[in-house]
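Next comes just one chain, in structure tokens: the form predicted alone.
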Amino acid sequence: MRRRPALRPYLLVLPALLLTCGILYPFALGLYYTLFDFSAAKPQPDLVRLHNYGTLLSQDAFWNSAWVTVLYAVGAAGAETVLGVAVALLLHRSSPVGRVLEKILILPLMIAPVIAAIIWKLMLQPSVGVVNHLLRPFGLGGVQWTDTPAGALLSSIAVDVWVYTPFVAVLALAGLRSLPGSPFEAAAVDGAGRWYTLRRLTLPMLWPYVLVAVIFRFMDSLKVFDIIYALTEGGPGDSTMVLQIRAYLEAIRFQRYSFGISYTIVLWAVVYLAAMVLVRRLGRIQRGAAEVSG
């Protein structure tokens, strides 16, 4: 009985420890496999150390995939941030219509991204898609949405924006409703206009909440697989061949297991570094927002 209070902290931390081990074990195993040349054609691999990484970094295909991944992540996260904050500002004033729109807003989040991509793939079909059908009266009915390199990338970003803009809007709306009222009351007494209040008070204090959404969406966009694979499968050509799809093709379709895992390890390093930079930026923004609200 006397030992139970002493053991309680260890028992409480045990689930987190088991979860951490469950995450680290496959990661460490994958990192170990990248030091070999394991593939379906070579079930008894040789130790090659960092050769897989050297080969990967020397290929134009890798750098093309890295560039496409960055373009996709920046475009999707940027558009979702702007639209999400704009929608949150529009819904901030409580009204019956606003409350109904809040419920409708989260509908895309209830659809699996791969299902949303398949739906949009059908809608964007050049000949029978509903999008071209609606645009035909305006003389834009023959657009090849996913059949050109630029169109395929923009279409993939648009589907991502459609699915995840509500996520940013919900976080921004929650942030708006948690802002202190005293700075706005003081600004109203001083005769500040709406634009000045938005620019000098609302947005600076809202940025910590927005940046949290940016961190989540940017990291998730760097790891995108489902939307692009269901919509374009990385094509046409390599125009939407992000790192995740390249890793899938190398490891699963071409059965070059060690080389494919090397792609995922490099992608993990990129996501980790990006997260560190954004989290540090979040700390500085939070201190700035505290000064504004104070």
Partner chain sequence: MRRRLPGWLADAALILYFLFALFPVAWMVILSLKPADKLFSTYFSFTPTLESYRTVLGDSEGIPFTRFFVNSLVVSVGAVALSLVVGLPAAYASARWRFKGSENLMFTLLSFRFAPELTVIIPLFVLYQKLGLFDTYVGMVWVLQLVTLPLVVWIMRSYFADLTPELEQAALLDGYTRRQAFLRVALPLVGPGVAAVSLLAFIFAWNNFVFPLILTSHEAQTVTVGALSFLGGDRPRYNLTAAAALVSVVPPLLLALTIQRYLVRGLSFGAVKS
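As the structure is a prediction and not an experimental result, all values here were calculated from the model. Numbering follows the first chain given and starts at 1.
Just so you know, the form predicted together with the partner chain exists too; it's not on screen, but the next bit is about it.
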property	result
Contact check for Leu12, Ile106 and Thr264 against the partner chain in the predicted bound form, heavy atom at 4.5 Å	yes
Close approach of Asp238 to the partner chain in the predicted bound form, 4.5 Å, heavy atom	no
4.5 Å heavy atom contact, Leu101 and the partner chain in the predicted bound form	yes
In the predicted bound form, Phe36 touching the partner chain (heavy atom, 4.5 Å)	no
Ala150, heavy atom within 4.5 angstroms of the partner chain in the predicted bound form	no
Selected contact from Gly193, Pro137, Gly142, Gly181, since only one has a non-hydrogen atom within 4.5 angstroms of the partner chain in the predicted bound form	Gly193
Contacts with the partner chain in the predicted bound form - residues in 205 to 231 whose heavy atoms fall within 4.5 Å	Tyr209, Val212, Phe216, Met219, Asp220, Lys223, Phe225, Asp226, Tyr229, Ala230
